[in-house]
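Take a look at this one chain, the form predicted on its own, written out in structure tokens.
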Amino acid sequence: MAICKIDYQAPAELLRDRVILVTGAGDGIGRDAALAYARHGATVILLGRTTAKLEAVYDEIEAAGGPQPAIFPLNVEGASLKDYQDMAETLDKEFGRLDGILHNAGLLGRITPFEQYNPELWEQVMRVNIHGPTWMTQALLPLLKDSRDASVIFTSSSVGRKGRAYWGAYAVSKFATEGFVEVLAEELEHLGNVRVNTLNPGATRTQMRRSAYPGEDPDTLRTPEAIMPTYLWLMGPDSHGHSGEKFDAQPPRTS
């Protein structure tokens, strides 16, 4: 059963001295998560494909007095296994460990009948939403194991927990994400210091949401900043002992 921690009050220094990687950190939920993690003491590694956007988030963190972040430009869609291994080596040299990953980068694809789905677009969505995060995690596992208390959050969706017509590759990629997290959490259970969970942000005011629901009034949706309590709780030590579980960042919509 999904759990919602929307009322969580994060201590000011919840993430002090922690090193946290956020993918898709240039805008939307990734940007707000990076800012929130830095505001609570984390050294945030900003990963994304658009350097200018990452630099803007970097400047926001520094202006707010947060720990100096790092920028790691990478296009997950085109990244190779060597790219992930090189990333692991770089982060090892710079930080020596990794205390958390928020896998936030994602690609919607198209809302269309499967019969009409473009195979190349299907493969593209899979590379970004499931293949990239899984192989990145494999490369970074040694760094996570060196942490006293590491948390890995994979972004899920309601359509990855119950299939919905026309959501095609996006839904399938999120079903795969849910399954992968269950497998990985069980494999890491004996370690006791690395937990892995999925988080469904729900209906949030983002560009992806606008693409999926172009006729929707964005003012009826929560902002990324408003759903950060669950992101903070899952990344911080208060969620210790929870692994292989499914979480929601907000209650389900009633209308």
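The first residue of the shown sequence is 1; numbering continues from there. Keep in mind that this is a model prediction, so the values were computed, not measured.
Although it is not shown, the form predicted together with a small molecule is what the next lines describe.
Interface membership of Pro201, defined by any non-hydrogen atom within 4.5 Å of the small molecule in the model of the complex, is confirmed.
For Glu225, no non-hydrogen atom is located within 4.5 Å of the small molecule in the model of the complex, even though that partner is not displayed. Although the partner is absent here, Gly100 is not a contact residue: none of its heavy atoms lies within 4.5 angstroms of the small molecule in the model of the complex.
Residue contact check for Asn75: one or more of its heavy atoms lie within 4.5 Å of the small molecule in the model of the complex.
Of the candidate stretches 63-71, 206-214, 190-198, 33-41, only 206-214 contains residues with a heavy atom within 4.5 Å of the small molecule in the model of the complex.
Each of Gly26, Arg49 and Val128 comes within 4.5 Å of the small molecule in the model of the complex, counting any heavy atom.
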